[in-house]
Structures are given as structure tokens and as C-alpha cells.
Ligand code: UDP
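Below you'll find only one chain, the form predicted alone, shown as C-alpha cells.
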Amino acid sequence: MISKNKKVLVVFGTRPEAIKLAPVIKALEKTSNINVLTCVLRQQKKLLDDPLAVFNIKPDFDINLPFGNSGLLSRGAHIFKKTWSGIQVGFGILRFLGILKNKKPDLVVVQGDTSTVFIVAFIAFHFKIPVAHVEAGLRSGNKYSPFPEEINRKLTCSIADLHFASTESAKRNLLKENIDENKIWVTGNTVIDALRLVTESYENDVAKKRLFMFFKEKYGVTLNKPNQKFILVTAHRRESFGEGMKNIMEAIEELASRLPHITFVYPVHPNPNVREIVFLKLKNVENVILTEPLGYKLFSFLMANSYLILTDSGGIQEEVSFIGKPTLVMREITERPEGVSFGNTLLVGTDKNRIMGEVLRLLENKEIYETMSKKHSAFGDGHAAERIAEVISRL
């Protein structure tokens, strides 16, 4: 399918995609028969700068597509409008971004489930360019949760030629959808690779000192007092907007009131739908620290040094397997059941009382806490990118 000297175009549009594709880009760059091109479609404008710097990635093509707070359908239309007006006629966005001297890439690599991922795969299909999908096969079984990611995954799956599944469970999902088994490879998740690369680059003591110094200087809070515990919070899912986010904020507000000795650290997502309710409910709560989005290295060590994590993130559900951290997932369903099965994560939904009850249980019951603190490799061993590069190099 792919020529001996392969031109591989890796495309991403959000911070999580950049983090998870960075190890793939690095692995492909080490492969002698592959010429790697990287393209950024900035679905998230400023949030991409940090992972690009952390992993020393200098994109060959960088397109600024600020979406603001418009709806997803408007976003998709905006991408197409901006792309086609930019090149007038011809081969579309992939030609505009990734084709040098009028030659198509032999393969386009995308990761995950954003609207960027589906749109790029869709355009590549129209130009008959094969697509490799990293983190293929995640399924919740509910097309509206996560929204719109569940459908983006399925649509991308229907286009992709190579499917790199993180787990055996993801592979089974693909087989149920009649994907050819010969086109599926179970590799592990590349986010574990990214975490491994970041944690190997710093001594733990140095990282901790920088982490605690940052919070002391920036926010005036000391996170490393004797017997100090802090809880890390992230919440931004679209399906939780409205009542769900309100419940989450009220749970944190009440927990902070009942647990004045605990600090809650909440890096707030830039989406206005998130920021409005977060700052309305938590801005004046003394032991809740609201921060801007943190750099990947800093956030990684914040996870590692927290006492427990409250989140609705998909990626964090995977990352805690590597660091061994009890994590309460504020979603009704998850497409990453391995975390629940192995015990690091527990689904608590967006019910205020359930969230509060499970946080208090983890704080009070040492046995349960220790059970949820065990590391495991259900999401990979930190070498998924090498496997992906090896497959691409020999096809």
C-alpha cells in the first residue's frame, strides 16, 4: 500500500492530540525509510504551544483556525470555508498543508476523536490518501456521550486503513464493526509513552521543587506543608454543560467547606461554558485554587503529587494507570473500562451526593485508597509509538 520511501503526514488540532502524537512523531523520525511531515490545524489555538515546546516539535505546516464559542457544525463549516478559500482550486486541505512539490503524502496519521480528526480523515479519503488512526476502537456505546467524540471515532474508523488500538477491548470493538483483523494492531496508548518521556526527563525531587515553587509564587499557596493533601480537579465535557457542571461545582464547593484542611487545585479549561460556572461557584472559595491551563510537564507532576483526582477527562483515565492515583470519573459511562476493571478509576457521574460521598470515602478509608493507588499497564508499557512506527515502516 505504501511506497518504500514513505512520506507520512501527521495532523493534529488539540493539545491532547499533540501530546499523544508527539511520541509517534519522534518514533517515525527515527525510522530510516520515512519522511515525516507535521501539520497543525489549531482547533485549540494557544493550548498547542506548550506540548509543541515540551516535545520539541516544529510543525512543517501551521494553520490557525480559531473556533471561539461557536457550535460544532459551525466549526466544521468554518474549517472547510477557510481551507478552500485559501487554496482556491486543487486538492484541498491536505494538499495545502502537507504536499510538497505537488506530491501527496503516502499516509496521513490522526489520533483520537476530535472534529479535526474526522475532518482530516474525510478529506484524505476524497484524495484517496490512506489514513492511520491512533487510539482506534474506543467506544462508549452512547452516540451522545462523549459528545461529539463517540461519533467522530466511528466515522474516522469507517475511513481509516490502519487501526492502532490501545487495548484488546478496543480491538474487539473494531472487530464487532467488521474491521479486517489484519488492519488492526494492539499497541498500547501513546499517552503512556508521553508520560514516560516527560517523567524520565526530570528527577522527581527537582520536579517537585519546581511544582511547589510555581504554586507558591503564582497563587500564594503552599502545597507541600507537612501532611498536606490536595485534590486535583478537571471538568470540561460538553455533555456535562448545564446541570451536570452545576452539580460538579456544588460538590466541590461543599467539599471545600467541609474539608478546610484540603486544597482543591482546578486548572480551568478555556471554554467559556466551563469558565462561567466555575468562577461563579468557586472563585471566592478560600481553599479552591483556580488556575489557567497548565503546561504538560507541570500538570503531569501535579497529577503525580495529588492525593486523588476528580476528572471527566478521557486521557487522565489512562495516565493514572502509569502514576497509580485514585481517580473519580465524573461521567456516567466511559469508553476506557480497563481503568475501572483494574481499580484506579471509579465512575461517579455528575450527581453531587455521589461525588461527595466517594471523595470522603477515599479520604477516610485507607484500604480502599491503597487499592485504587496501584499502578497497572492496561493502557500500555510506554512503547506504543515504537510499535506504530514499526508497522508503518514495513507496510
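One rule holds for the numbers: they count along the sequence shown, beginning at 1. In this text the structure is predicted, and so the values were computed from the model without any measurement.
Beyond the structure shown, there is the form predicted together with uridine-5'-diphosphate, which is absent from this document and is the topic of what follows.
Enquirer: Among the candidate stretches 239-247, 286-294, 221-229, 157-165, which one is within 4.5 Å of uridine-5'-diphosphate in the model of the complex when only heavy atoms are counted?
Expert: In short, 286-294.
Enquirer: So which of Leu310, Val191, Leu138, Ile119 reaches within 4.5 angstroms of uridine-5'-diphosphate in the model of the complex, heavy atom to heavy atom?
Expert: When uridine-5'-diphosphate is considered in the model of the complex, the option within 4.5 Å is Val191.
Enquirer: Counting non-hydrogen atoms within 4.5 angstroms of uridine-5'-diphosphate in the model of the complex, say which of Met303, Ile129, Ile179, Val278 makes the cut.
Expert: By the 4.5 Å criterion, the partner-contacting residue is Met303.
Enquirer: Is Pro148 a contact residue for uridine-5'-diphosphate in the model of the complex, using a 4.5 Å heavy atom cut-off?
Expert: Outside the cut-off, so no.
Enquirer: Would Gly13 count as a contact of uridine-5'-diphosphate in the model of the complex, using a 4.5 angstroms cut-off between non-hydrogen atoms?
Expert: Flag for Gly13 set to no.
Enquirer: Should Pro267 be counted as a contact of uridine-5'-diphosphate in the model of the complex, where contact means heavy atoms within 4.5 Å?
Expert: Because a heavy atom of Pro267 falls inside 4.5 Å of uridine-5'-diphosphate in the model of the complex, the answer is yes.
Enquirer: My question is simply whether Ala124 lines the interface with uridine-5'-diphosphate in the model of the complex - judged by any non-hydrogen atom within 4.5 Å.
Expert: Looking in the model of the complex, residue contacts with uridine-5'-diphosphate do not include Ala124, since no heavy atom lies within 4.5 Å.
Enquirer: Could you list which residues of 300-324 come within 4.5 Å of uridine-5'-diphosphate in the model of the complex, counting heavy atoms only?
Expert: Contacting residues: Met303, Ser313, Gly314, Gly315, Ile316, Glu319.
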